[in-house]
Every structure is written in C-alpha cells, then in structure tokens.
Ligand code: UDP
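This document opens with one chain alone, in structure tokens, the form predicted on its own.
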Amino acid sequence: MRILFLDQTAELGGAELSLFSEVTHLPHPSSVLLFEDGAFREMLQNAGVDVAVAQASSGALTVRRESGLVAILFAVPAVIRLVLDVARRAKGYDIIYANSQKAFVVGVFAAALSRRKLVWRLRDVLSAAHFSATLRRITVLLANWKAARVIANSVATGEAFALVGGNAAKISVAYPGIDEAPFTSVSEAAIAAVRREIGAGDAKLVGVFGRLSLWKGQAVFVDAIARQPGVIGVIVGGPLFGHEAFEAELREKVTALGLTERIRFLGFRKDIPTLMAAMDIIVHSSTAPEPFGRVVVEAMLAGKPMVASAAGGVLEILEHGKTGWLYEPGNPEALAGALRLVLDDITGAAAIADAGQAHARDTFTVAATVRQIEAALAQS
C-alpha cells in the first residue's frame, strides 16, 4: 500500500507534528507532498522521509476558513493547476492521504483524475465557529462523493462531520499519538535555565501553549491571570495563517490591564517539552470546541496540572478532578477559579497530575494511533 500524504502548509502546527508521527511509523512506502516550503519540509527531510513541494501558486492557498463563495471562485484557476500537479504525482501511489482541509479539496479532484483512493485525516471541527457555511457545504459534499474513509482525530470531530451532513459510515477515529520521551526526560538544569530566562524567581508560572488566534483563547487566559496576583502568565506561540493582528491586540490588552510585568510573550519555540516542565500549571484556553487537544496530552505527559476548557475532543482526554481540571470555555472567572483550586492544594494537584500522566502514557501512544489508522485504511 503506497501512500502519498498531502499537507497544505510547511508551518509546524499540531496537525503537522501529528502527521510526522504517522508518516514515520506507518509501515508503508510513502511520500509527503507539501503545498509550500518551510520548517516542516526540513523536519521530514532530516528524518529520512521522501518529501517534495508541489508547484502551487499563492492563489491556491488564499481561501480561509471564513471565506465565502467569491473568494473560493477567485482561487479556482490556481487550485486547478495544483490539482493537475498532484494528480500527476499520485499515479505512483495507491492512496492519497489528505492531512488538512485544503489538502483534502485538492486531493478530491486529484484522486478523481488519477483514479486513486482518497483518505481524509479530519483534524477540524466542521462548525460555524471554525468555518463558513459555504466551506462546510462544499467540504461535506466532496467527502460524501469521493472520500473512501474519513479518519477523525476524535469522536467529537467525527460527530461534527456527521452533524453537518457527512456520511457517518465513512468515519473512523484515530487519536493522535504523542511520544512521551521528550516530555519525561527534561533535566533540572534545563528547567532552571528556562525559569531564569523567564525571570520567574519564586513566582508560580502558568503557561498557555499554541498558535496565537482569537479562538485559541489567549485573551481569556490574560483576563484570568489578572485575577491571580503574584502569578506569572507565560504565552508560548506565534500567529499563523494571517492572525498577526491578533497578537498586536493581545499585547495591547496586556498593557491596558497593567500586566506587562506579569505576562511573558515567548513567541514560537521549539523547546516545548522544556518550557512545559518549567511551568507550575498549564492551561488550555480555547473558546470553541477543540478537535482534539494535543497540548492537553503533552501537558499531561509532562506531569503538570492541566486546566482545560470543557468542549470538543478535550472531554475525551481529561476527566475533571481525576486527571485534570475543566472549566467553562471563554469564561475567565471560571478559569481563574480552576487555577485557585490547583494553587490552594499543591499536594492534591500533584496527585491528579500524576494520574493524568499515567492516563496519557497508556492511551495516546503512537503505536495506538498506527493501529487505528491501519484499521481505517483496511476499510477504505
């Protein structure tokens, strides 16, 4: 079974990190085709993966999640050129495996032209909170027509697909697996160095990790930190996919609240395991349902108290009061209250964090993901 993996971006987001694990562990001859060049291509190449960059023009990548029909039609000529390139390359493979929505749309027509099977690795909740009505309708129609299998990254993601008209019979679930080793092998010296860099002193560090975007809830995180005197909030991540304006707004908010001495912006970082190990608490702050919640699993693997918004795939990862803490999404007072629960009972919080770590180690493994994807591919 020869697989051609498609991905729209070369930025190192959660979907790309998950794809990396899948490509490097699935026991099939495979290649990765990216629609742009960048860090992800280098990461794959350094791991010995056969990777190439498609002949995509920028016009093919201009459609955003909120785009309407006019923007979609404007991108059609560039998409056609990209489809023809992918279809030509796909003839040497049995399956086209699309890792993102844009990759899926291109993959649909490339699969039709090359007469290859198409599998969609669905990593997004198809809801109004994330996508325009036009994009949702087009995506579901294409999936029902051409996808041999839709491999969702959580039950919540699969249910959202079915809810907007997707064929439920095509859905399989494969949770993203995460290697625990980087999160359990951080040295005390490395932790101390990061805390010095942040200027933590004896203060408690509460971190939020992920790309800067309105729905990722960093603004809620800032409001919650404002309600916790003496705590330093650490924001790790940079803006992707055109969200640079949000970072400026977030920094303005920090200044307006008088939090410049208590909020640290670290930007995009590659040393995530070390940074997580340096935190006293890690927060997941998304205001809309998360398709999965990779950062939640990573924090649990790091053995840290995890406070997460109660929606989407997160509810399949974490159990309130047993493996972490949940709070109402978008509610800074609720988040502040959950943080107080942890800070007021450090011993009890450590026990829950230990339970969370054990659960993540047992459940969200790369080996389990490979088994789940293999089963889905056998049904395609």
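Everything quoted here is computed from the prediction, not taken from an experiment. Each residue number is its position in the shown sequence, starting from 1.
Quick note: we don't show the form predicted together with uridine-5'-diphosphate, though the next part is all about it.
For the chain shown here without its partner, which stretch in 161 to 169, 81 to 89, 248 to 256, 286 to 294 has non-hydrogen atoms within 4.5 angstroms of uridine-5'-diphosphate in the model of the complex? Heavy-atom contact with the partner occurs in 286 to 294.
Sole residue of 102, 116, 149, 216 within 4.5 Å of uridine-5'-diphosphate in the model of the complex, by heavy atom: The residue in contact is 216.
I need to confirm a contact call. Of 199, 229, 77, 267, which residue comes within 4.5 Å of uridine-5'-diphosphate in the model of the complex, counting heavy atoms only? Residue within 4.5 Å of the partner: 267.
Please check if residue 193 has a heavy atom lying within 4.5 Å of any heavy atom of uridine-5'-diphosphate in the model of the complex. Residue 193: no, not in contact with uridine-5'-diphosphate in the model of the complex.
With the partner left out of view, is residue 112 within 4.5 angstroms of uridine-5'-diphosphate in the model of the complex by any non-hydrogen atom? Residue 112 lies outside the contact set for uridine-5'-diphosphate.
Contact label in the model of the complex: residue 236 to uridine-5'-diphosphate, heavy atom within 4.5 Å: Residue 236: yes, in contact with uridine-5'-diphosphate in the model of the complex.
My question is simply whether residue 370 lines the interface with uridine-5'-diphosphate in the model of the complex - judged by any non-hydrogen atom within 4.5 Å. No, residue 370 is distant from the partner.
Even though the chain is shown alone, can you say which residues of 345 to 380 have a heavy atom within 4.5 Å of uridine-5'-diphosphate in the model of the complex? Nothing in the stretch sits within 4.5 Å of the partner.
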